[in-house]
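Given as structure tokens, the chain that follows is alone and in the form predicted on its own.
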């Protein structure tokens, strides 16, 4: 297994190189000038030229990219054009909020989605199955920002249960986590139902029932464990989706996370910010998927690496 882990960690390097190159290329292909965005459209040409040289934007693109890679290897992602602060410092301040939201949203979606998926599979084509599948479809179809605004309106303004803006305490995380994970609940429920139905139709399940084993023991000890492989795959993918999609939730709830930081960087053409945040999200996503791959072995000891 150690050779497998080392190989996967080494494979991160070419992936991040490709991601960094594509992000760098796309940023420079988008029309607009970050210096004019920073100084204003009516800034004197001399000031624009001086700032362009200071930021190194007058160099050829391949030189700019190589300079970025050299600094990134040393942990230096440059200075934000918009905030004038080192990008690595901004990320250290903002990343904990985003990672907590993504982990909380994934945990909520997994627990609720798996439970609903099991209930739906056990009651296949019955009333509860139909109700839960309609609710899961509604969950998948509802945009997260709309659900966030609705949650603020109901639970913050009308009922006053939870705060709506910022992160000052644990209570501030509840609404953002619930709204971020709500859309994934439907996906998890449908995937769990599908995986459970495949397993429940296997011969060994019918044999267990014929031996007189209780239905709960069959479902939770035999069926669920064998249905977890595709569910784990979806968990890893959804974590990456929630990590990258947290920007909308952070904007609605006024949270200083890297998702919102990245969107602001795109809007202002803040090259260092966008490059650093995309690389961080890509790295986190790759590591989480490596952890999910290792969990396969725990769920199913027959798997070989």
Partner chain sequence: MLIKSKVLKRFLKRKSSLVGGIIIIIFILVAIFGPYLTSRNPLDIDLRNTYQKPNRDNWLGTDNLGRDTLTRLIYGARITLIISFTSVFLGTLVGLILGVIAGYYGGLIDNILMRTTDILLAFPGLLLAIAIVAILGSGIMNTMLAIAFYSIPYIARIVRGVVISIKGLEYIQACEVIGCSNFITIINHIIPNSMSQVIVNTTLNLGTAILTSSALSFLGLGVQPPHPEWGAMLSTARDVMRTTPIAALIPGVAITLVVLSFSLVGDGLRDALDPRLKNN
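Positions refer to the first chain, counted from 1. Between two forms, the rigid core is defined as the largest C-alpha subset superposing within 1.5 Å. In this text, all values refer to a predicted model and were calculated from it rather than measured experimentally.
There is another form of the same protein, the form predicted together with its partner chain; it is not shown, and what comes next is about it.
Though its partner chain is absent from this view, in the predicted complex it lies within 4.5 Å of a heavy atom of just one residue from 197, 232, 91, 99, which is 197.
Contact check for residue 107: every heavy atom lies farther than 4.5 Å from its partner chain in the predicted complex.
Using a 4.5 angstroms threshold between heavy atoms, residue 296 stays clear of its partner chain in the predicted complex.
Looking at residue 149, you'd find a heavy atom of it within 4.5 angstroms of its partner chain in the predicted complex. Although the partner is absent from this view, residue 141 contacts its partner chain in the predicted complex, with a non-hydrogen atom inside 4.5 angstroms. Contacts to its partner chain in the predicted complex (heavy atom within 4.5 Å) from stretch 231-259: 240, 241, 244, 245, 247, 248, 251, 252. The rigid-core alignment places the CA of residue 23 2 Å or more apart between this form and the one not shown. Whereas the displayed form keeps them at a certain spacing, the CA atoms of residue 76 and residue 26 lie at least 3 angstroms closer in the predicted complex.
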